[in-house]
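One chain is shown next in structure tokens, namely the form predicted alone.
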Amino acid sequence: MITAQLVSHPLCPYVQRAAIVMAEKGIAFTRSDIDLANKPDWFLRLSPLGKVPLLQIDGQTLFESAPIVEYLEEIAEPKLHPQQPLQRAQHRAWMEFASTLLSDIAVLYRATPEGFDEAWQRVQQRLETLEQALGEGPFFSGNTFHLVDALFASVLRYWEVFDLLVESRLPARLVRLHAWRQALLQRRSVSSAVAPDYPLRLRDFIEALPGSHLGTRLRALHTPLSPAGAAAPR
């Protein structure tokens, strides 16, 4: 039986990828969070890039989420990549797109008021492109949950907080994207990849960013979040 340890941070979307894949494959794992602002020496010795996730398995350590999830795909069932080579390659290309979108989102939540509109326009363009790539659902390419779905789940989770503000809500016209997001968030592997207080932590993190337009707007908002991410009843 495979057992593993995942070194993580509570808000890291790349950690969520590994957690979702291990849950889908029934791989038992423990999880330990570190403070990325004060990285322990043992962690820096194991992570050449100083990033999470780290996966410790069979006495070995893997770093970077892409090779981690590909390794997990190789060693355990069920297979989450499509069997057909061309479709598998297409999914891998969209997985790269997910990483690019995550980078754009990081720029967005750090953007100053002067830079926000440009950052939001770039994210919306990515979302429009993604909408066009989706089929009838419920998942990226039909009824089967694939590795590409695991990666986008951590991307779309940001709207648990972004949807609180008019200027950063997931556009209503992206109908397929909304449906896909709901299907992903309702899946057990996805919901269990973060703690129940994830939306609260994410909001606190954004609010604390110096100069952030979204942080300033969230601080001014008087709608509290419940641990599940919904606005608390008034």
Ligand SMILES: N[C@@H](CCC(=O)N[C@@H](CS)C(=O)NCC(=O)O)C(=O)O
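All residue numbers are counted from 1 along the displayed sequence. These numbers come from a predicted model, not from an experiment.
We do not show the form predicted in complex with the ligand, though everything after this point is about it.
For this session: Pick the stretch from 161-169, 43-51, 174-182, 22-30 whose residues have a heavy atom within 4.5 Å of the ligand in the model of the complex.
Result: Heavy atoms within 4.5 Å of the ligand in the model of the complex occur in 43-51.
Exercise. Would G215 count as touching the ligand in the model of the complex under a 4.5 Å heavy atom rule?
Worked result: Although the ligand is absent here, G215 would stay clear of it in the model of the complex, with no heavy atoms inside 4.5 Å.
Exercise. E64: heavy atom within 4.5 Å of the ligand in the model of the complex?
Worked result: Although the ligand is absent here, E64 would touch it in the model of the complex, with heavy atoms inside 4.5 Å.
Exercise. Does the 4.5 Å heavy atom contact test between A208 and the ligand in the model of the complex come out positive?
Worked result: Output for A208 is no: heavy atoms all beyond 4.5 Å of the ligand.
For this session: State yes or no: in the model of the complex, is some non-hydrogen atom of K39 no more than 4.5 angstroms from a non-hydrogen atom of the ligand?
Result: Contact with the ligand, yes.
Problem set entry | Heavy atom contacts to the ligand in the model of the complex at 4.5 Å, residues of 81-107 in sequence order | None of them.
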